[in-house]
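A single chain, nothing else alongside it, follows as structure tokens in the form predicted alone.
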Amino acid sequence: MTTQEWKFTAKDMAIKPDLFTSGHRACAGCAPAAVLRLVMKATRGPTIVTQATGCMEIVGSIYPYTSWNLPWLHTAFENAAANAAGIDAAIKIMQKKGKMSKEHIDIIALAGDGGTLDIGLQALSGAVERGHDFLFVLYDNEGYMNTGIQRSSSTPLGASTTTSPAGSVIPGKLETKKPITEIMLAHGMEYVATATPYYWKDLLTKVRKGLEVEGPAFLHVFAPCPRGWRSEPSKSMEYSKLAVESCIFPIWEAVNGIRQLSTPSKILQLAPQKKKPVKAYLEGQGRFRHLFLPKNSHVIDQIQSLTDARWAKLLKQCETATN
């Protein structure tokens, strides 16, 4: 992968035509829609997008309309990575046979947490193991929001969903979030990173770095969902910032397995007093409202403890990488 650093500016954003356009049917305050628009701003040339069934596929492609201004394919919930692998193989064989020009074509696979951590994990693992050349972008709104706000393996501890409802028996989801980036790193991928839409320059830079990889790359993007989170639509970007500031979702990148913190998280490493408590992130989200009852306050303490432990582990991993 090239070591070039890209300096995306607001002017770049304004000049480049939108490849994911307005007019879609996303809910007010939908962070995943903002994520897709940003991802498409970082493309570098001819690009094909394949997208799994999910919120963003539904809102952007209601027949006979589309919000996509480039070649785009809808595939089944579980098949985004398999489809990307097929596109990669087809392009290579057609170029070999002289049926296509040798011009490089980038391939981006898009899926939510359900289509990545759960239903699509097998296809993703297989495509990565085979070394297909594509960037997989996970927009993580932490649940099956399109089908009724059911819990996924990305839904965090304590969150109330329609299949992990908070009540007298359980205080929301009992399990912790699946560590998808660790799973991808275990595949030996050249580039794995996390990002949020609030830090948009960081997100665009990581998309471009992932596209530069000759082989599979993985980008995990935090994407608040007002509908599923029971939060104010105007607060989506604020939550994508608070998730970083509370270390619920640190942002970092790993090149050939060597991790380093991205600037917003690095600031917290150098000035830990700026780190916010998880309560600041949980407040205002209806899915966590029950945790502020006295009988469930221990769950907030548990979330804080787990967050602190994961942050300490990440800092140690980054420190080990630089030594």
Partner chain sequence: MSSKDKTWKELGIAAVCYRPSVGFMTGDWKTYMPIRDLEKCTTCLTCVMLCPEDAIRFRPEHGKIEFDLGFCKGCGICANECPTKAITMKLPEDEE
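Remember, predicted model here, so these are calculated numbers, not experimental data. Residue numbers count along the first chain shown, from 1.
Form predicted in complex with the partner chain: not shown, discussed below.
In the predicted complex, the partner chain stays beyond 4.5 Å of every heavy atom belonging to Gly131. Contact annotation: Thr162 falls outside 4.5 Å of the partner chain in the predicted complex, judged by heavy atom distances. Under a 4.5 angstroms non-hydrogen atom cutoff, the partner chain in the predicted complex lacks Arg227 among its neighbouring residues.
Contact annotation for Arg208: none of its heavy atoms lies within 4.5 Å of the partner chain in the predicted complex. Just one listed stretch, out of 273-281, 256-264, 36-44, 290-298, contacts the partner chain in the predicted complex at the 4.5 Å heavy atom level, and that stretch is 36-44. Contact with the partner chain in the predicted complex holds for none of Gln150, Lys173 and Ile183, as no heavy atom of theirs lies within 4.5 Å. Only one of Leu121, Leu157, Ile91, Met237 lies close to the partner chain in the predicted complex, with a heavy atom inside 4.5 Å, and it is Met237.
Residues of 63-91 placing a heavy atom within 4.5 Å of the partner chain in the predicted complex, in sequence order: Tyr63, Pro64, Tyr65, Thr66, Ser67.
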